[in-house]
Each structure stands twice: as C-alpha cells, then as structure tokens.
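Okay, so here's just one chain, in structure tokens, the form predicted on its own.
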C-alpha cells in the first residue's frame, strides 16, 4: 500500500521518539534477590501466613505500586527483583536496594514500608523500635525506582527502539515506495492516528503541531496497556492503572492545550459569545463554569483510563484467585471450577486486548478534541 505522507510521517516518528527519549532516565540495574523463610520467625507471623490464600491481598498487591518486582514463589523462597530506593531526609541522601526492607517486615536506616494507615505501601520514618512511625519526622522526599517506574523505563526503551526502526524504514522506502518491515506494520496505526483522530477534530493548519504529541501519547498508553497483560517480567505492572501516571498524562494534555491555545479560545473562556451579559456581569457565572470545565477535562481523562485498566486487571486476577479460593475448601472443588475459570480467563484476556486499544484511542481522541477546541477558527 502506498503512503503519500512518507516525508511528513518520518518527521513525526523522529519527533515522537525524541519526546519519549526525554522521559527516559538511566538507572542502576537491579539484581535478583531470593528471600528464604526465617526459621526464627515469630509464631504470630507463621500463623498469619498459614491462614490460606488471601485473594484480596493478591489483587491489591498487583494493582498497587511496589518497591520490588515479585517474580515467583518457590516453596518458602520468594524470588523478586529489588529496586533502588532513593530518599532525601533532613538534607541527606540515602541510597540502597529495597531488599533491605525484607518485603516490608524490617526497617533500615530508620525507614520502613508502612503496613497500615494512610501511608500504607509508602516509605515512612520510624522510631528506634523500627515499627512506630516517627510523629516528629520532617519532610521525606522519595524518588525511588518503583515497579511502575521500572516498567515505564522498559516501555520507553522498547518504544524508542521500535519507533526509530520505523522512522528508518520510512527513510529508506523513499517517497514513491511502500515501506517494509516494522514501518509497513505500523503504517496503518500512524495513518489511523493522523487521519481518524487528529484530522477529524483539529483544523488542518494545526494538525502537524499536535500530531507528534498525539502519536507519542497513543503509542505510550497502548504499549503499556499491552505490557500490563503479560503475566511475567517485564510485563504485569499496572502502569496505566496507576492514578499518578494517568494524572501525569492528563497534565501533559492540559499544558499542551493551553500553551498552544489561540486568542479565540481565551475569549470563549472569559467572554463567551452569544451569552447574555447578565450571566457574565456583575457575577461572572459563565466564566466560572468555563474555568471549572477547564479543570475537569484532564481529570476525566485520568480517571477514565485509571478506572478501566484497573477494573480489567482486578477481573482477571479475580478469575485466577477463584481457583485457589475454592481449592482451599476442597481439591475436588478446585479441579471442578478450573476449566470454566480458564475459559472465562481466556475470554477476558482477549477482551482486555480490545480494551487496551480502545482506552488508548479514547484518551488520544479526547486530547485531540481539546486541542481542536483550543485553536478554533475566528468565525467560530
């Protein structure tokens, strides 16, 4: 299939790769860490572990971020990848790997992972007993490499490699030749974002201003959605199901929108045409409503992506957990429900593949709509 916009697409792909490279930070590689069961573990801890399979804990531990990357359990040995912990407390930096916390059971250098309270799952400052949170602790800056952060780095590396290969493929194909290899595979996707998303809602004269960002946004969300469905390393992280990640993406859209907005957009915000003057003065009712809408738009983007991806992960993990929960009541029950559960699990995974694409499309499409609203024609 021919590609009329080969030259422009090559520029788009180079811009897209450049934007993603800017988000990548080099960090020290982690090493595998195997934790064996402590023979001196207290009776209380052992009895807690013998309660059986806790489906709720498994699901919550998966959808939340973590300071290590759990790989597997082999008997009483937990195999995980400890990640770098980077803290700044009272003007001093602290660097160490997360295995020092012993999966949240121990404190190290006066810090530990909170097991309860509003800071559950986060690193806090504790007293000398290693358990009690320090009520007089000052501000703690935590820029550690967590599971989601590591997954983002991996996604950025793979995306940069793929997109640079695609850009190279367009360069070699020339202006009258059809691209081959990866470029041929990604050509329909690039044209979809350009023609069906950007051009459908953004004025033609402004399409190329926003297209590099829209391509980057779609690629990042779609790729991380797919990686989240892979059940083994380096997949399985709930990146786009993290509210902090989706809020950051929404803020990128928010600032891009207002940086490139023209005067007609601002006129519509503060002096909406066609609205009676009584709704503007003396009480600025319409400007207040418009400003609230400006704030709500990115929040809707963030919450929609967060809720849909998190719900999908929870449903899949719920089906998996059902086998173990019923198996705990009896081996026959576990074997009986397994075939039906596997069928539903396969169906949900295929459905999540569709959801991965739809959510990337929806986030990108609404971002494009907002951009189109930011650059309206003067006669509008």
Partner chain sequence: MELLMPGIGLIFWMTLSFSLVLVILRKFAWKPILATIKEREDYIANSLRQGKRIQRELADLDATKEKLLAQAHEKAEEVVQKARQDGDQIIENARKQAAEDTNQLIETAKNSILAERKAAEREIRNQIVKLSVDMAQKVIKEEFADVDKKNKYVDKLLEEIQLN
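Every value quoted in this text rests on a predicted model; they were computed, and no experiment measured them. Positions refer to the first chain, counted from 1.
Below: the form predicted together with its partner chain, not depicted.
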Among 89, 233, 96, 208, just one has a heavy atom within 4.5 Å of its partner chain in the predicted bound form, namely 208
Which one of 229, 269, 303, 71 is close to its partner chain in the predicted bound form, taking close to mean a heavy atom within 4.5 Å?
-> 303
With the partner removed from view, which of 279 to 287, 98 to 106, 134 to 142, 292 to 300 is the stretch that lies within 4.5 Å of its partner chain in the predicted bound form, judged by heavy atom distances?
-> 134 to 142
Three residues, 212, 252 and 310; all within 4.5 Å of its partner chain in the predicted bound form via heavy atoms?
-> yes
Partner contact for residue 78 in the predicted bound form: its partner chain, 4.5 angstroms, heavy atom = no
Are any of the heavy atoms in residue 259 no more than 4.5 Å from a heavy atom of its partner chain in the predicted bound form?
-> no
Partner contact for residue 265 in the predicted bound form: its partner chain, 4.5 angstroms, heavy atom = no
Distance check, residue 337 to its partner chain in the predicted bound form, heavy atom within 4.5 Å | no
For 241 to 273: residues with a non-hydrogen atom within 4.5 angstroms of its partner chain in the predicted bound form?
-> 242, 243, 244, 245, 247, 248, 249, 252
